[in-house]
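In the block that follows, a single chain appears as structure tokens, in the form predicted on its own.
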């Protein structure tokens, strides 16, 4: 096995190689730093290489492993983090040109926990400016440039976790941390053909992460497989007094192994009439495979205003979170023209409308909880279209297929979801399959995704850039 082959290994494979001393944390860090410098920046996936920190952490991990100190499966393994997460000693730009010199004195909790697990931070990865909170409408909404998809360099990598998805897809890093408020892990995971896990609201502390929406923001991993996502989630999950919204009990990867092997799944076909033909065909093929180890039953979401409710909640909370930034005039320097004025409208939302939306939200959560109660998960396409061209506005390209009601509904409810690759579609771009689970039940969701991936190899496919 050559050194470049290490870039294509799973987390467990890398852990074995490190403990056999067939490679070392320093060699891995140097390898990924070279790849990120050479190709990652060209894909607009990188904001800042954290080379000095990476090599320091890698040397420490190497010395510990040699001394028999083992911090777990991520010990010595490099990763990247979306540039909404604070890393002491490096800028955290939130994707905004006016914040390129913004620094925070300590790590975000998720970054600190990965450091405790022995993982090695190699890069702050690109994001749509302010995580899309100003209402961007096209891929050119980051000072690093539009996220380029490794499968087709004329296509977008998805948002707002543009850099994490592209970096994992192209094998620059074996995993990355992303964030989701309304689709920002699931969509780029689907577009780039990687596995993306959006945990239950509160599963991962948001201390040290940019606030877009206090009641909707979530942090989760993008990786090559469900198994890899489980290992990362185990390292970053758990209560944190600095984020009082965190779930008060820890989560362990061992919970996934204890899950049953036969599942009951609700099949959601809402919106398929707007989907691209390849998306529909790949979804149908996935259902046939799922029927080998699951009972499938058609379900229908209640006819409710999911999109309207989440838009009011998100717009009002984002306007409050960014009020000082808007008032300072800093948003006038944002890259996308629509983002320069997009934060103003949210300031006009009446309090009564926000409170009404939150009351409706509680009702919707109760309905969805009842709908999901008999099932281990709901399954649907992750996105109804493949990645948009870099030259297209989203509505012009996707139209009614831009957003699915399941995305709005499950984010409002705070339910976990995972996107796994399930084939290819138009222009050679990946498609994704989404499972949405019950609140707090990432274990069943990951076991289901792992069972699917044990029977397919879509998550093992690599774009040509991964071998450059």
Partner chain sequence: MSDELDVEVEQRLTFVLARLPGWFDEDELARLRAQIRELVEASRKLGTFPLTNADEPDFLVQMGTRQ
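Positions refer to the first chain, counted from 1. What you are looking at is a predicted structure, and each value in this text was computed from that prediction instead of being measured.
This protein has a second form, the form predicted together with its partner chain, left out of what is shown; the following refers to that one.
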Hey, with its partner chain in the predicted bound form, do 166, 224 and 453 all fall inside the 4.5 Å heavy atom range?
-> no
Contact flag, residue 365 vs its partner chain in the predicted bound form, heavy atom cut 4.5 Å = yes
Would residue 397 show up as a contact with its partner chain in the predicted bound form if we use heavy atoms at 4.5 Å?
-> no
Does at least one non-hydrogen atom of residue 358 fall within 4.5 angstroms of its partner chain in the predicted bound form?
-> yes
Taking heavy atoms only, is residue 304 within 4.5 angstroms of its partner chain in the predicted bound form?
-> yes
Since the chain is shown here on its own, which stretch among 408-416, 63-71, 423-431, 36-44 would lie within 4.5 Å of its partner chain in the predicted bound form, judged by heavy atoms?
-> 408-416
Though its partner chain is not shown, can you say which of 215, 391, 291, 370 has a heavy atom within 4.5 Å of it in the predicted bound form?
-> 215
Heavy atom within 4.5 Å of its partner chain in the predicted bound form, from candidates 323, 154, 106, 273, belongs to 323
Sequence-ordered list of residues in 326-353 near its partner chain in the predicted bound form, where near means a heavy atom within 4.5 Å = 326, 327, 329, 332, 337, 338, 340, 341, 342, 344, 345, 346, 347, 348, 349, 350, 353
